[in-house]
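The chain below stands alone and is given as structure tokens, in the form predicted alone.
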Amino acid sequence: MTSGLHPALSPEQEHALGVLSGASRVLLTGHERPDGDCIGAQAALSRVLESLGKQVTILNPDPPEVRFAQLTRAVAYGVDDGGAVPPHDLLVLLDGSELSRTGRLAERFEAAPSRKLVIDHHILPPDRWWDACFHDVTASATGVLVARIAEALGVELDEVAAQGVFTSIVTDTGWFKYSNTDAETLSVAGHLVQRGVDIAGQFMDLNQRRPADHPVELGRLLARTEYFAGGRVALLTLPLGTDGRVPEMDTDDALDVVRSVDGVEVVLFVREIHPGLCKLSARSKTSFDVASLARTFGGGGHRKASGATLEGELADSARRVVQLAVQQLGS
């Protein structure tokens, strides 16, 4: 152990740290529809690198959600407008290891002559396109990896960086209730509270500032719940709105409600993101490996939480996912 908080770095992580230290202009990016882990890790890493005198820019495929306003007031999150990417000598992809998850940015990133670095805790794809990788699938959140990086670089997290790491952790551990919550997670969280993170304030900002129509929209989504395999598999589906757009709502609330049902082992959420294109989010309560399920459809993630993009209409996509989940449960 390098401290009471983190494990020692692996040779691969040491190499990634060297690549990061040697850069002068760093461009941070993340996956489409960036969640709290992605947004929080970016905020923390940007502050850490800026404290070392590096020029840091964030460019994401989609804007942060309103609930991350505490971070967006302190950190500039650029959003892709289809133009040229900012000048940089190192591109860092956080909370993901597949360049395709950056959406329309992927082609421009791939063409950039910069070095490429991944910081992630998901299962890595076989195609390793990066120059260096700071990776640990046992880490509860990408923000925890950023905290390790900060310690290795000798940088104390400032107020904004601490809020970022805390946001990452509570997002990906479900406020410490998921099975990925481990001793390191709790130690880091305790250290962040000592540094001044306001737990109640963070919870208020992240979870209790929903729009007025949230209960109604959540109810409509939950009303679509279907059960299969004797109640072991639950399915939620969300079509495009009448305006042809993806409904703006935090669906984690719905997943938590359905996951709380006794007997449910797997929750499958399939939402339409474009006509003929759907997004799968899968959650497991047991030893069932939803990462394996997602990989069948070209996706990935963790054993307990994974996702994929599926071509096809909503009803057909949902049918294929349920069919495979039921089959794998019975095997």
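Keep in mind that what you see is a predicted model, and the values were worked out from it rather than measured. Just count from 1 along the sequence shown to find any residue number.
From this point on, the text means the form predicted in complex with a small molecule, which you will not see here.
Proximity to the small molecule in the model of the complex, defined as a heavy atom within 4.5 Å, holds among L59, V270, A305, V264 only for A305.
Only one of 76-84, 94-102, 237-245, 155-163 places residue heavy atoms within 4.5 angstroms of the small molecule in the model of the complex, namely 94-102. Residue contact check for P64: none of its heavy atoms lie within 4.5 Å of the small molecule in the model of the complex. Taking the partner from the other structure, the small molecule in the model of the complex has a heavy atom within 4.5 Å of a heavy atom of S281.
In the model of the complex, the small molecule sits within 4.5 Å of a heavy atom of H122. Looking at G36, you'd find every heavy atom of it more than 4.5 angstroms from the small molecule in the model of the complex.
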